[in-house]
Ligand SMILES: Cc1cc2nc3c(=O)[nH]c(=O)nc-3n(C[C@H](O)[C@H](O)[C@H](O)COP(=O)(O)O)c2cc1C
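What follows is one chain in structure tokens, specifically the form predicted on its own.
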Amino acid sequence: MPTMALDAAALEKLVSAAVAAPSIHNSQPWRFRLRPETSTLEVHAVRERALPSADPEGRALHISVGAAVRNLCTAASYLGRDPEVRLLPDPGEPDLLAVIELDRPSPVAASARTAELFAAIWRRHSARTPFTGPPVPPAVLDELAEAARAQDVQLHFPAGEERDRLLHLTAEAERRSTTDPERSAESRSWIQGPGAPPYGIPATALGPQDSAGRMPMRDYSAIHPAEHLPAAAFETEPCIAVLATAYDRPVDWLRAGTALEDVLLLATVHRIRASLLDQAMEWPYLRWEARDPRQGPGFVQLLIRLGYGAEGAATPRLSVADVLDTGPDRPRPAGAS
């Protein structure tokens, strides 16, 4: 089979797509390394940007990296490549989370949907404001669920009492996080002011709290009421998606991240906004309680809020040069020194 060399322009485009992925508190806990002998990218965890209080096991870190891997593969497909991904390829190197071979041309031309998903990579932003549009159509929800199933991950949409129960668990987790001094301090440390490094969440990307107290949005300002935005009226019949896996191993967390990003990109194509209600996932007991036995055995990885409304604010990203190791004999992205 013929191979495709990975030139500097393609390398920059691929890594730029990867770093546009969502990550917990926009921590961007990834680094990429190009192997000198092949067109293969390694994806490594950056533990220095982990959240030891909220994410002691690294579950959210793995989900974040999985989302970056999926963005990279979407970009590769758009550029005419046939990426081959191996997750956790080396048990002796636990921070090597994925290897992506990129030297094979795709046997088919990129589809119109692939082009739409690629364009959505840079338009996808978390929306932390109220949703004000009509309900998300069932046909679109089915499409989102199918995108998750393609990654061996389940996505379902609870309603009524089950949805209210999950919102209650999320509210309890939010209460615990904002009143726990260690977690509160960690959360606040990721809110960035002017001149801060290009990761974390700028204050301009934060949203209000729900004036009715129904929607438990994350309060990054913790217990400093003077910093809160004015409360606003959120949707009364929210659309909540539950992302779950059959098992709860690091490889399942990575797959949850790949499925999450496919869901978010497809939602963006449909002009649906999304935000993550992941507070309960940070407390083991509450995360366990989030399971719905009627959906069968499994482990909840994330709750996703979906709806129509204003586009979310962009958050900063590290540059390609900041996250890519190319080595002396490897192609360097434009602008790298």
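These numbers come from a predicted model, not from an experiment. When you see a residue number, it is the position in the sequence shown, counting from 1.
Same protein, other form: the form predicted together with the ligand, not shown, and the subject of what follows.
Check for me whether the ligand, as it appears in the model of the complex, comes within 4.5 angstroms of all of 140, 157 and 266 - heavy atoms only.
Not a single listed residue reaches the ligand in the model of the complex, so no.
Name the stretch: of 230 to 238, 120 to 128, 105 to 113, 161 to 169, exactly one has residues whose heavy atoms fall within 4.5 Å of the ligand in the model of the complex.
Correct option: 120 to 128.
Taking the shortest heavy atom distance, is residue 220 within 4.5 Å of the ligand in the model of the complex?
Within the cut-off, so yes.
Answer for residue 60 alone: is it within 4.5 Å of the ligand in the model of the complex, judged on heavy atom distances?
Taking the distances in the model of the complex, the answer for residue 60 is yes, it comes within 4.5 Å of the ligand.
Can you work out whether residue 304 and the ligand are in contact in the model of the complex, taking contact to mean some heavy atom pair no more than 4.5 Å apart?
Contact check for residue 304: no, nothing within 4.5 Å of the ligand in the model of the complex.
Should residue 13 be classed as touching the ligand in the model of the complex when contacts are defined as heavy atoms within 4.5 Å?
Result no; residue 13 lies far from the ligand in the model of the complex.
Looking at 79, 144, 244, 201, which is the one with a non-hydrogen atom within 4.5 Å of the ligand in the model of the complex?
Checked against the cut-off, the match is 201.
Taking the ligand as it sits in the model of the complex, which residues of 301 to 320 have a non-hydrogen atom within 4.5 Å of it? Please list them.
The stretch touches the partner through 302, 313, 315, 317.
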